[in-house]
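Just one chain follows, in the form predicted on its own, and it is written as structure tokens.
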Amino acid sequence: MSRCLITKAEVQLFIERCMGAVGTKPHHARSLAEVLVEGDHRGHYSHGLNRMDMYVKDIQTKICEKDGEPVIEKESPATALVDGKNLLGPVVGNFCMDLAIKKAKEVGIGWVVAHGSNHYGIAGYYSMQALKSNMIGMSFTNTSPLVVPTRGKECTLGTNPISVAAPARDGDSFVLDMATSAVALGKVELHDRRGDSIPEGWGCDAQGKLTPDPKKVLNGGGLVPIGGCEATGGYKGYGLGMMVELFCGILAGAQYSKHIRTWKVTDRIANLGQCFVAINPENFASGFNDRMSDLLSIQRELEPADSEHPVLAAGDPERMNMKKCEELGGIPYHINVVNFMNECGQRLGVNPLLPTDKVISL
């Protein structure tokens, strides 16, 4: 399969230039670009460069604010409610996670929720910030209604991701970063853009029936919760999606469920709710990192069912993808995605565009 190899720096600067072309503040554009590049670097292509045109459109249509900074509305030593002022999601996310970590350093835990936010990229980007302070980090967000609840036909919940990051010894860590739907919508979009079918169990058609056709999912259907149908435990994913909604839309006083605007329809502001948590293990039993390393080792050292596929822990696939990128000397992108984003850049008058001269086969 042919891929276009582009360095992290090249993608970073391209995104910053595109966002700057529509009037985004330089440090806001940088925050967004860093989140998107990290998504691709970790292998979450559905939440990286592939999403840039959405953020550009949000600024162009003025449905997302480009000026101002988030504001703390209410706080206690361990908690805070933040008004994201309808700014770019990564700007709100960084502000809130920094605040949560600061509180955790002072009192052992920081729990910060925000309303008035927008799409913030991969949830793991924010939970991992806590690792730098040897803390546990958590991040949650609600999203536009894209998921059909168990036994339903209408989308009433978002993909509502969960991320939890915990430090172990020697820089190792547990990093869970998952949607509460079977997959993120971006993965269905990527399959549709490439003309590929999707695995059954990713999404359903307008009648609530599982389908391998991405177009039926994207046009009148929806994603299904983790677990798929009811017989295979889909109601558990449905429950987790509701839990995220509780932490985000409900607790923060943001929009929630089907009250959130339709995905990519910018007829009104998103007003997403988000939740950021930092926990200092030093306030609990000593030896946390050692036990965390042992827990990871127990899983990784298991004899695998298939000798070619070792048992992994959350975060290991992403580390493997980052290592592959380092060995290749860049991030391998599907040429269709690069061409699509370069067309977006051309319309904005951005120069230089993403390079397409390094094509490799994977």
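The numbering used is simple: start at 1 and walk along the sequence shown. For the two forms, the rigid core is made up of the largest set of C-alpha atoms that agree within 1.5 Å on superposition. If you're wondering where the values come from, they're calculated on a predicted model, not measured in any experiment.
Here the subject shifts to the form predicted in complex with a further copy of the same chain, a form of this protein not shown in this document.
A.B. asks: Look up in the predicted bound form whether Gln207 has a non-hydrogen atom within 4.5 angstroms of a further copy of the same chain, and give yes or no.
C.D. replies: Flag for Gln207 set to yes.
A.B. asks: Though only this chain appears here, would Ile298 touch a further copy of the same chain in the predicted bound form if you measure heavy atom gaps against 4.5 Å?
C.D. replies: Ile298: contacts a further copy of the same chain in the predicted bound form.
A.B. asks: Would you classify Arg193 as touching a further copy of the same chain in the predicted bound form, given a 4.5 Å non-hydrogen atom cut-off?
C.D. replies: No - in the predicted bound form, heavy atoms of Arg193 and a further copy of the same chain never come within 4.5 Å of each other.
A.B. asks: Please determine whether Asp294 contacts a further copy of the same chain in the predicted bound form, using a 4.5 Å cut-off between heavy atoms.
C.D. replies: Looking in the predicted bound form, residue contacts with a further copy of the same chain include Asp294, since a heavy atom lies within 4.5 Å.
A.B. asks: Has each of Tyr120, Arg169 and Asn339 got a heavy atom lying within 4.5 angstroms of a further copy of the same chain in the predicted bound form?
C.D. replies: None of them does, since no heavy atom lies within 4.5 Å of the partner.
A.B. asks: Tell me, which of Asn219, Ser133, Thr232, Ser197 has a heavy atom within 4.5 angstroms of a further copy of the same chain in the predicted bound form?
C.D. replies: Checking each option against a further copy of the same chain in the predicted bound form, the one that comes within 4.5 Å is Thr232.
A.B. asks: Let me know the one among Cys96, Ile279, Leu87, Leu185 whose heavy atoms come within 4.5 Å of a further copy of the same chain in the predicted bound form, would you?
C.D. replies: The residue in contact is Ile279.
A.B. asks: At 4.5 Å between heavy atoms, only one of the stretches 52 to 60, 304 to 312, 30 to 38, 330 to 338 reaches a further copy of the same chain in the predicted bound form; which one is it?
C.D. replies: One stretch meets the cut-off, namely 304 to 312.
A.B. asks: Using a 4.5 Å cut-off on heavy atoms, what residues in 68 to 98 are near a further copy of the same chain in the predicted bound form?
C.D. replies: Lys74, Ser76, Pro77, Ala78, Thr79, Ala80, Leu81, in sequence order.
A.B. asks: Would the C-alpha of Ile72 be classed as shifted by 2 Å or more between the shown form and the other one after rigid-core alignment?
C.D. replies: No, its C-alpha moves less than 2 Å.
A.B. asks: Does Pro167 move appreciably between the shown form and the other one, meaning a CA displacement of 2 Å or more on the superposed rigid core?
C.D. replies: Pro167: C-alpha displaced by less than 2 Å between the shown form and the other one.
A.B. asks: Taking the rigid core as the superposition reference, indicate whether the CA of Asn134 shifts 2 angstroms or more between the shown form and the other one.
C.D. replies: It does not, since the Asn134 C-alpha is displaced less than 2 Å between the shown form and the other one after the core fit.
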